[in-house]
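The structure tokens that follow cover one protein chain in two forms, given apart as structure 1 and structure 2.
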Structure 1
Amino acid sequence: MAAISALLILAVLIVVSMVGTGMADLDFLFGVVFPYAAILIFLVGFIYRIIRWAQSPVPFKITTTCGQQKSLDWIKDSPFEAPHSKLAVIGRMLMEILFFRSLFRNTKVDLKKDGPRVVYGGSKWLWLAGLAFHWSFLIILLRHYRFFADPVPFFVSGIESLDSFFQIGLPLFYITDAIILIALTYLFLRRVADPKMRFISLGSDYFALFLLLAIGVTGVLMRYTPMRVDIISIKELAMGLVSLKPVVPADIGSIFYIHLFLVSVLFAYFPFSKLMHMGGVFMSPTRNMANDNRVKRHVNPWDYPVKTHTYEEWEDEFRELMRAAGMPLEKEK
């Protein structure tokens, strides 16, 4: 059900953009106004969310340790799993953000009816698909920079030639185009195939996947199929957008506007959704703090005095019993 409603919303979005640019001739709205609005919402929303998160203080240092602490000098510690210094924390975060360290640990539980016993198998597919998707997305995003810069910077050309390493077809086939679609398809299939995943998945989880898939598919259709669009016109539009002198070239093709509109939706949707994990991963206190609790005191900014049972009150209550037991007393009476 959740997946179907997500699919319906996506279908509506596609129809809106088709009708808008195909029949209603609202190219300026879809080619200029929506992208500008989307970028604006994205930037303002993203920054707003980060600031709001940052406004909540971190009262306690609650590092999750996934390895040996630094204690006695002859015991080997695991700096990236239980970091004891800022530098080690940076190492841990880089492992997490660039290579998805924690996801790499993933296991799968299996209940055997003999015994009964539970066994834990390795389970690296989620890690692999997640990593493949995120890296492909980044590379594709960087590749798109060619539309927004003249001349095309060297790093973009470099990425492009690496991405089309296999030199298949014309236009050259980008490996990341295939990887991102395969990875997203896998991430979708595991949500519906595994009953546990189906149970925890919300409409918004499916929506994010469908939106990304649709963006990928429209991109691929534009590049590799007869639905090909006029790249020169697209570059003209893109350059107009970045130079803040928007122009709307004629006849770019409906498929491009669907692609652009979905990208706009993605950007505008981003700050309001779970996609904010992109910013949040940097701010998770269990990962971005050092396990040096007993070395450096962490201060809680909203700490307040609490009611305690002081030694004096305690001794007052038990003095006679303590005296009878011959225990030392602060006051005789």
Structure 2
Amino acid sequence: MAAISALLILAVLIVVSMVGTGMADLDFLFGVVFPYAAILIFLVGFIYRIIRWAQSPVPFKITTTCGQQKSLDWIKDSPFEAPHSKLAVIGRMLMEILFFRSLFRNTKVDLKKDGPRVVYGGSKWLWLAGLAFHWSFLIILLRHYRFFADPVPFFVSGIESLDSFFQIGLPLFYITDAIILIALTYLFLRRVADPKMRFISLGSDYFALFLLLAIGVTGVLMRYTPMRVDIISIKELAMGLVSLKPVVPADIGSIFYIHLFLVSVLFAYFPFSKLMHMGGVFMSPTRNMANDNRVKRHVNPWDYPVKTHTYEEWEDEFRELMRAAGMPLEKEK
């Protein structure tokens, strides 16, 4: 039901953009107003969430480690598993962000029907699909920078050359276009095929997957099928948005506005969704704190002097009233 609801919401969004640009002639609304609004919501929402996380009290060292902490010289420590310096913390964080190291090491428990018996296993397929999706998404995002810059930066051309090394004709075939759709499909099938995952999955989990899949599919349709669009006009629109002098060229194509509208929805939805783990990973105290409890005493920065009111003080304040009410007293005066 959650997946169906998410799919219906996505269908409504697509229909709205189709009707808006195909029948109502609202190209300026979908090509300029919505993208600007989405970027504004994204920036404000992203910064707001980061500030809220930064203000959260962290009274204790809550590093999650699986190795020996640095202590005596004759005890072998694990600087990578239990980093005790900022440099080691940065190293562990980079491995987490770039290669999802904790997911690679993740283990899961399953109850097999034969027996029944408990079995332990890894999550390597999930790790591989997650890694493939995130890296493909980043590369595709960088490739799109060619629409917002003139001349096109050299690194964008380099990324395109590497991404299209499977070229067998025209247009260039970007391998990341295929990888991201395969990875997203796997992540979706994993949720519906596994009863446990299906039980804990919310509509928001499916909506994010469907939205990303729809953005990928519309992008592929524009590039590799007869539903191609005018690239020159798209670049003119993109450059107008970046320079704050928006223009809406005619006859770009409805498929492009559907793609752009879904991207706008993604940007606006991002700060309020689980997708914010992109920024949250940097704010996680289990990842960004050094495991140096044996070297430094961690002082709670929120441990300010608290004004107390003891029972003795309280009884002094209300003694006469308590006596009049017949309540027992510890002191008569």
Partner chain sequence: MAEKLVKPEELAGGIDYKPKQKDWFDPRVEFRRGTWNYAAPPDNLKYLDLPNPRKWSPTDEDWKLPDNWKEIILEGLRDRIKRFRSLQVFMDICVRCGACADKCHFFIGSGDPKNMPVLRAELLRSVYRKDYTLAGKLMGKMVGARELTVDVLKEWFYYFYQCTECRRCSVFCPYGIDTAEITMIARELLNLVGVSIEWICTPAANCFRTGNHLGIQPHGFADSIEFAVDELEELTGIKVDAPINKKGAEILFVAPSADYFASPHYYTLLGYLALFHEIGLDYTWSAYASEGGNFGLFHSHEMMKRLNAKIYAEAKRLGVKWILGGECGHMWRVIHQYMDTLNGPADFLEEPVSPITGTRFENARSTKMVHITEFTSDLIRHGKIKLDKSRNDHWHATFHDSCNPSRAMGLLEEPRYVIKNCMNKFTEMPENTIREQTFCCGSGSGLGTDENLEMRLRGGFPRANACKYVHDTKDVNILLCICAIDKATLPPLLEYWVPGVEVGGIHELIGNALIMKGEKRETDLRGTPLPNLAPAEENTEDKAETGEEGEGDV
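Note that this is a predicted model, so its numbers are computed, not measured. Think of the rigid core as the biggest set of C-alphas that the two forms share within 1.5 Å after superposition. Counting starts at 1 and follows the sequence of structure 1.
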Chain form predicted alone, by structure number: 2
Threshold 2 Å Cα movement between structure 1 and structure 2 at Lys76, rigid core reference: yes
Thr308 C-alpha moves between structure 1 and structure 2 by 2 Å or more, core aligned: yes
Yes/no, Val119 Cα shift of 2 Å or more between structure 1 and structure 2 with rigid core fixed: yes
C-alpha positional change at Glu317 between structure 1 and structure 2 - rigid core reference, Å: 27.9
